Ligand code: WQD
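Okay, so here's just one chain, in structure tokens, the form predicted on its own.
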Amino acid sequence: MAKKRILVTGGTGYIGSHTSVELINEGFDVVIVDNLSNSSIDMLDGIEKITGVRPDFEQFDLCERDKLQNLFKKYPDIEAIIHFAASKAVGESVEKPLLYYRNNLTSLINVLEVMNENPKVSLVFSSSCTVYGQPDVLPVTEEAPIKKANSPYGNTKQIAEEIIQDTIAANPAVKTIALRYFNPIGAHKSALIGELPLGVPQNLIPFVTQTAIGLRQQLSVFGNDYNTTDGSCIRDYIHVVDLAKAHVVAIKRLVENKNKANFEIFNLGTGNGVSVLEILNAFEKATGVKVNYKIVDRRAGDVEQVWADTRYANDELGWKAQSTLEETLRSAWDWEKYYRSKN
């Protein structure tokens, strides 16, 4: 029986590369499209070393629809798309909103138009807990109301979900699962792939590991006057490999026609809220390395606290986050050390 072919957009990125590994390990053929704007071609080497398979790779920008159409002519047997490709830094989106709207929405529209031309193709969409804004009730369920976004990045995820729902209403053949994830951290246990932000990291953990290894002088903790146990923001930090495995489960659900609606939504997290200062303590405990940090003013676009109610994803998908926080932080540190040792 021929392997099912999956297109992974943004597949050399952080979550995309880990998901590509899990897909290959589960017997799928993977085609990656990435413009390498925030990732490195070296991730293909890591994927190949881990799995023994080098996925097909096409370098172009998904905002160029003709190139995406040509890709489907080259690979007419693509059965599903996992759409990661998007700009994703909250702070940068506040400074450059038009960049985010153009990139994140045009690329999605092009993907959906190509799906209309190839009706057997289904979609797993990389969404985000940012669509909930600051929830009224915690932990947050899939039924929680969508709030006004705190950032243009969050707004692109809200608008993207609306675009998908409108597309499905017009063309019921389009099947989509939106995975709203919380805060992916960590790296593959091999330390061959991990989070590799270009330039100054916009996310907490790479800044922690880069500070711990001496690349950054000091970590800034944005605010200690929030209404939380220690005053710092609270998030739900999930190991990226656990997250990647959920994407494989979602793909199987679609290609095996086990979805219960044409548009399904699942929260992906651990169900535990952890503060920024707790992360720093846990990192020191996991690695023995102390991180130099200072408290600074709050950052525009940040939500005070959010963590997931994961019961629906656990029950309906048969998936659950497995890794402990310390294991996850240790994997991020192992990746940082490995990457710096060879670069």
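The first residue of the shown sequence is 1; numbering continues from there. Here the structure is a predicted model, which means the values were calculated and not measured.
The same protein has a further form, the form predicted in complex with this ligand, not shown here; the description that follows concerns it.
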message = Let me test this: is every residue among 128, 202 and 219 within 4.5 Å of this ligand in the model of the complex, going by heavy atom positions?
response = yes
query = Could you tell me if residue 276 has a non-hydrogen atom within 4.5 Å of this ligand in the model of the complex?
reply = yes
task = Although this ligand is absent from this view, report whether residue 237 comes within 4.5 Å of it in the model of the complex, heavy atoms only.
result = yes
key: Partner contact for residue 90 in the model of the complex: this ligand, 4.5 angstroms, heavy atom   = yes
message = Under a 4.5 Å heavy atom criterion, is residue 207 part of the interface with this ligand in the model of the complex?
response = yes
query = Exactly one of 299, 65, 54, 311 has a non-hydrogen atom within 4.5 Å of this ligand in the model of the complex; which residue is it?
reply = 299
query = From the list 233, 174, 140, 212, which entry has a heavy atom within 4.5 Å of this ligand in the model of the complex?
reply = 233
inquiry  = Using a 4.5 Å heavy atom cut-off, which of 67-75, 141-149, 219-227, 114-122 contacts this ligand in the model of the complex?
reply    = 219-227
